[in-house]
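In structure tokens, the next block holds one chain alone, the form predicted alone.
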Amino acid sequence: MKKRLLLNKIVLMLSTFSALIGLAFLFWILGTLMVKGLSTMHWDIFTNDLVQGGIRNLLIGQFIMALMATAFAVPLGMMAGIYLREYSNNNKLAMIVRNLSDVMMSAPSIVIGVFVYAIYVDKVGHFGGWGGVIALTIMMIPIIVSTTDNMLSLVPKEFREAGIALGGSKHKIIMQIVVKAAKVGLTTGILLSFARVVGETAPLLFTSANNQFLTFNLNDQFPSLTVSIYNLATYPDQASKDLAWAASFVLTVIVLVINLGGRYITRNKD
């Protein structure tokens, strides 16, 4: 008994120490970002485009690609998740789709960027916003598939049985009862997947590239906040580095707010 208690204390101390180390690095990164980002922040960066030393076009471009990717990924991912949970009866195809979804969720984003470059950018002969949308869509789909599958599995079977007892068809039971019962979890999954892709850089380097001007033409190189941060940080002049710090701070705040919003929805689901 004494040995078990001693071992428990040792494991607890090591776990606590490891957690503190992780938190220390996290607060170090966030603290540095806050200090350098706020010190270089000014209102003009939100009203000017990159060519004028601002990030207005970058924010607009980043959100356009992320929102369009969401518009494509949500219906595809939800339909796949509904099939896995409600129609597949855990057959071999469902097992294959689940395994592929798990693999895609853990795939490096740069690999997805190279893949889209090979199948799209190289074929059309130039970078463009559509390439970025395709890459972000591919990244979002497995997250939404997994979220939909898991959230629907949490809906009690009694809900489905009640719908059957009332004479409802299968698709109406799914859409009007099961999906509605899981709407909080589904919404959270969509928000978290959006937060992930809105901060991605690697796939956009190979697909959308960047544009210093505000444009809504997805067939042309498209402005991207994350790619611009990468580029600005490599420039030798201090003004570019300062803008990179400010843009990094803005991006961090955006991702943090989206993540906290998703957690808040889950916490207050009642």
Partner chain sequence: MVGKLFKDFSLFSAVLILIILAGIFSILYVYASDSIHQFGFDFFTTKTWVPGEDDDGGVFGGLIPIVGTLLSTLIAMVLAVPIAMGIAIFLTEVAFPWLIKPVSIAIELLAAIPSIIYGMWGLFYFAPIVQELFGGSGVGLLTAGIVLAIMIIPFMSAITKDAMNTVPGVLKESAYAMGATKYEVIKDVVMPYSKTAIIGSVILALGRALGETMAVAFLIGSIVTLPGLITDPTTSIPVLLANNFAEAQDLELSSMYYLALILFAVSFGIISFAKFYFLRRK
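Not measured: the values here are computed from a predicted model. Residue numbers count along the first chain shown, from 1.
Keep in mind that the form predicted in complex with its partner chain is not shown, yet the notes after this line are about it.
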| item | value |
| --- | --- |
| Close approach of Met175 to its partner chain in the model of the complex, 4.5 Å, heavy atom | yes |
| In the model of the complex, Asp122 touching its partner chain (heavy atom, 4.5 Å) | yes |
| Its partner chain contact at Thr201 in the model of the complex, heavy atom, 4.5 Å | yes |
| Contact label in the model of the complex: His171 to its partner chain, heavy atom within 4.5 Å | yes |
| Contact at Asn8, Leu30 and Val255 by its partner chain in the model of the complex, all three, heavy atom at most 4.5 Å | yes |
| Proximity to its partner chain in the model of the complex, single hit among Val184, Ile190, Ile138, Val155 (heavy atom within 4.5 Å) | Ile138 |
| Within 128-166, the residues that have a heavy atom no more than 4.5 Å from its partner chain in the model of the complex | Ile138, Ile141, Val145, Ser146, Asp149, Asn150 |
